[in-house]
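Form predicted on its own, single chain, as structure tokens, below.
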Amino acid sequence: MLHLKPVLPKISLIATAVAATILLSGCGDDAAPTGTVTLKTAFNQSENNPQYKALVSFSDKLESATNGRYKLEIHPNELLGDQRASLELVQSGAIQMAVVANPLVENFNKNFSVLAMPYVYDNPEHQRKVFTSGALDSLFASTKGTGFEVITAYTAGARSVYTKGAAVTSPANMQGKKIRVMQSDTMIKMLSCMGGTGVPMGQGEVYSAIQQGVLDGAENNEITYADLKQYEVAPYFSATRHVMVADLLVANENFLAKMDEGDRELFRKLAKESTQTQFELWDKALDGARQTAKDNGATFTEVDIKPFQERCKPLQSAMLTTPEQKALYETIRELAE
């Protein structure tokens, strides 16, 4: 049987320009290391994000454990380009690491889509257990040969429904409600199986759309809910936790291969430990976001997600199209508490 090597996506013009700048500065993968090896790491959000803080902790521990041989140089706020460009830079070896959204890695292995299925996790603790158990190690290693490897996963929170008028506690409460979702066919189908109507819309339009009655609410994590002050127009936050998004820390394949074996083991170990750190930081940020929203009149309601899970099973089945995806789904479900 003929086995075809995956074709790498073409490097974008932005990624090419950034790569040229990095290589000219002598900090690319081919630069001769002197003293501390600095691992350029791309990040698309601010220094206040729990993922950024986890990367800082990872860098500090790596530098200490390797006696200063390695440390991260983290570039936040898309300074090295957006996530797609950052992944291309990692593939090319212009930088060593980046945090990228799970859907980007799905382009290399469709099995990653299981990590973002509706209701694949029962709660945030279930997701944390999956990410830290080692159950995903073989999936993460599956991108070898494409120029990068997934090192670990970070949480981007649980998305829940928030509305005006009243809380949502059952699929029946969702009937007739127009809820903003990301511009994704899967998200539209998910809201339908939950009992409502998903309306794809840009985030910048959500506040006014709810205010004007175009929407009955939206769905997102508590941090975004508070940051964008959407509690002012949709004060009822219902913890449906229908999707828990994964972001992935990826590293250049050649960089990993060139590391001393002992340093590489330390690198992998500390990267995985940073996932636990990131979950803890996320939880603290959630507490602050919830309190901010509550102080401004929001009501938070815990929801029995089982009825929603049952209604979304046909969608889950439709998304599980291969034996590998089904096996991964079962592995994740077995780790539920």
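If you're wondering where the values come from, they're calculated on a predicted model, not measured in any experiment. Rigid core (definition): largest C-alpha set, two forms, superposition within 1.5 Å. Quick note: we count residues from 1 along the sequence shown, nothing fancier.
Below, we turn to the form predicted in complex with a small molecule, even though it does not appear here.
A.B. asks: Heavy atoms within 4.5 Å of the small molecule in the predicted bound form: which stretch among 45-53, 298-306, 285-293, 264-272?
C.D. replies: Selected stretch: 45-53.
A.B. asks: Tell me, out of S92, T224, N111, T143, which residue has a non-hydrogen atom within 4.5 angstroms of the small molecule in the predicted bound form.
C.D. replies: Comparing distances to the small molecule in the predicted bound form, the residue within 4.5 Å is T224.
A.B. asks: Going by heavy atom distances of 4.5 angstroms or less, which of L115, V130, V250, A156 would be at the interface with the small molecule in the predicted bound form?
C.D. replies: Of the listed residues, the single hit is A156.
A.B. asks: Checking a candidate spot here: are Q83, Q203 and N220 all in contact with the small molecule in the predicted bound form (at least one heavy atom each within 4.5 Å)?
C.D. replies: Affirmative, all three are within 4.5 Å.
A.B. asks: So, in the predicted bound form, is A167 in contact with the small molecule at a 4.5 angstroms heavy atom limit?
C.D. replies: Contact check for A167: no, nothing within 4.5 Å of the small molecule in the predicted bound form.
A.B. asks: If you check in the predicted bound form, is R241 within 4.5 Å of the small molecule, heavy atoms only?
C.D. replies: Output for R241 is no: heavy atoms all beyond 4.5 Å of the small molecule.
A.B. asks: Just to confirm, M182 within 4.5 Å of the small molecule in the predicted bound form by heavy atoms?
C.D. replies: So M182 counts as contacting the small molecule.
A.B. asks: Can any non-hydrogen atom of A101 be found within 4.5 angstroms of the small molecule in the predicted bound form?
C.D. replies: Result yes; A101 sits at the interface with the small molecule in the predicted bound form.
A.B. asks: When the two forms are laid on each other by their rigid core, does P103 show a Cα shift of 2 Å or more between this form and the one not shown?
C.D. replies: No: P103 shifts by under 2 Å between this form and the one not shown.
A.B. asks: Core superposed first: is there a CA shift of 2 Å or greater at S138 between this form and the one not shown?
C.D. replies: No.
A.B. asks: Would you say L115 moves its Cα by 2 Å or more between this form and the one not shown, aligning on the core?
C.D. replies: It does not reach a 2 Å shift.
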